[in-house]
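In the block that follows, a single chain appears as structure tokens, in the form predicted alone.
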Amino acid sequence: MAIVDTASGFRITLTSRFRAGNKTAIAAMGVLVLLLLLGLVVPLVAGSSNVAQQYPSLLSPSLRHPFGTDHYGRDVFLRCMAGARVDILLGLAVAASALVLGSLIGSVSATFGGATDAVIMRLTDVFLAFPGVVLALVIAASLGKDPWYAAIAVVIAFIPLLVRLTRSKALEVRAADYIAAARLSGARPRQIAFQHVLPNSFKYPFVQSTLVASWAILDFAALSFLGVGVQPPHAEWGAMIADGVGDNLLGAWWPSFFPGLMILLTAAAFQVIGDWLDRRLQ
């Protein structure tokens, strides 16, 4: 009778999955870096993507125009790469801003407790009662049609999510023995919050922030599609989809398809990196 070493087999399975996860994460990082580099380099080399070029309108994809042209005669590939610079950098900026503010507020709420915690949590519940994109749309529409206002709206929409996550982890850290020792040694609540609670609960919202970057790109594209984000003729993926919707009726699918494909690739890459970080930090 053959004896199977289940422990060794389990370790081999975990190792193979971990290596596969590493390769997938590296591929996702490569996609993001490539899109960002193309977004920075291509518009500088090829010229402005915001003005009509000397090309016939609605040319189908070809070697000369990989993504075709839109109804203004603008190269869709050039505009997609210009949009990559806007959307990826914006997604990273929103994720970083929401991470810093959400982590600070969540740590302070968990450390101080009492009335401070109650007020912060009730405000958080109010914001979480609205879907993120709806809340961002309301805020952006109230502030005005400006990309910076749209970015601020998306940041505000995601801060409560990270506040709630940080607070839940910070409550676990607050119950640790070294926190009790810090209190007995005379450390102030503010010192405990920023020197002990925040650093030891930071990795969980950090992993979540990669997913926030993915969601921020989707939300910002939605805001631009609805007309409250980046305004034409500036290149942005959501605005490009809105601009190319009417071309579908003429049989030209490419002006709206390729910006949508860029959103899909970028959001999926951030999601894969977030899953990989989650496994690494567990």
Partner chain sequence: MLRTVGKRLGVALLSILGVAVLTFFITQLLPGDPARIAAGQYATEDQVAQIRERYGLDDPVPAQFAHYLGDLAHLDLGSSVRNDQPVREEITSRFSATLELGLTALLIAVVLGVGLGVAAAIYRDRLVDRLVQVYVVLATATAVFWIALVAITTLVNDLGVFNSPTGRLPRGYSPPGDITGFYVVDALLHGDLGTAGAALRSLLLPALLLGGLASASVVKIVRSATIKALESDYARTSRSFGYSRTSILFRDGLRNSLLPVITNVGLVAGFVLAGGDVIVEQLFAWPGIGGYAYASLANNDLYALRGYVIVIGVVYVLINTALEFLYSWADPRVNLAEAR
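Residue numbers count along the first chain shown, from 1. As the structure is a computational prediction, the values presented were derived from the model and not from experiment.
FYI, the form predicted in complex with the partner chain isn't displayed, but the following is about it.
Please tell me which of His71, Lys203, Lys145, Arg183 lies within 4.5 Å of the partner chain in the predicted bound form, judged by heavy atoms. By the 4.5 Å heavy-atom cutoff, the listed residue in contact is Lys145.
Using heavy atoms and a 4.5 Å limit, would one call Ala235 a contact residue for the partner chain in the predicted bound form? Contact with the partner chain, no.
Val42: touches the partner chain in the predicted bound form, heavy atom cutoff 4.5 angstroms: No.
Just checking whether Leu35 would be counted as a contact of the partner chain in the predicted bound form - the rule being heavy atoms within 4.5 angstroms. No.
Using the partner position in the predicted bound form, report whether Ala25 sits within 4.5 Å of the partner chain, counting heavy atoms only. It does not: once the partner chain is placed as it appears in the predicted bound form, Ala25 has no heavy atom within 4.5 Å of it.
Partner-facing stretch of 90 to 98, 171 to 179, 117 to 125, 184 to 192, counted where any non-hydrogen atom is within 4.5 angstroms of the partner chain in the predicted bound form: Single hit among the candidates: 117 to 125.
Can you tell me which bits of 219 to 249 touch the partner chain in the predicted bound form, meaning any heavy atom within 4.5 Å? Result: Ala221, Ala222, Phe225, Leu226, Val228, Gly238, Ile241, Val245, Asn248.
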